[in-house]
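Listed next as structure tokens is one chain, alone, in the form predicted on its own.
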């Protein structure tokens, strides 16, 4: 079974600075310690920042995914590096506005997932997602996208696991402290890998309380081991080799299999 080199980039975006936020990501990925990277996860809304004050403001920064600046630049990077990238973007689709992680590969945009579980003031800014959860085979691994507050719903990770996911790709802008530990449980109960890419810094844009993001991006194994975890206040890049076979072995003991043992008849 394949070994794949995966990583996260924990960033500190400047609100509204689309070009600068992309430039900083691409510059960081140009350093020698990223050599051989095959799958990268970036944070939620990494190119725009998070704390929009109105739908009108969001509309000025949201992008059509087929022609948008962020997808074009990430697609060029993916092609140059033979890389797959999961990144959280503000999406504009007609009159609707979504908080959307995208999967981009060497040939461009592959898949989109629109955030279904909107958090806090997102409910007054974004439209709720309308795309089913999907698992995509990128060659060495099968990946599925979830985003930020999805961590609190075990059904999201379980649905992707039942569809055959190997790696949960989890762009985030986390402010609550619980997610890093909760994702360990998501991995244990589904025997999958998870890459959570969070951001750092504080935004206070007059849209309510100031938001301080907790960092602590991480890579977790199917056995609940935290391979890598970033600090809470600094930008960071981290990379690890993972064996996809570990996510396809669903046995807890020689006689216990997490899916075959599941008693759906009593749920």
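Small disclaimer: the values here were computed from a predicted structure and weren't measured. Positions refer to the first chain, counted from 1.
Below, we refer to the form predicted together with a further copy of the same chain, which is not included among the displayed structures.
- a further copy of the same chain in the predicted bound form is approached by residue 257, whose closest heavy atom lies within 4.5 angstroms of it.
- At a distance threshold of 4.5 angstroms between non-hydrogen atoms, residue 137 is out of contact with a further copy of the same chain in the predicted bound form.
- Taking non-hydrogen atoms only, residue 161 never approaches a further copy of the same chain to within 4.5 angstroms in the predicted bound form.
- a further copy of the same chain in the predicted bound form is approached by residue 155, whose closest heavy atom lies within 4.5 angstroms of it.
- Candidate site formed by 119, 131 and 181: every one of these residues places a non-hydrogen atom within 4.5 angstroms of a further copy of the same chain in the predicted bound form.
- Of the candidate stretches 67 to 75, 147 to 155, 166 to 174, 103 to 111, only 147 to 155 contains residues with a heavy atom within 4.5 Å of a further copy of the same chain in the predicted bound form.
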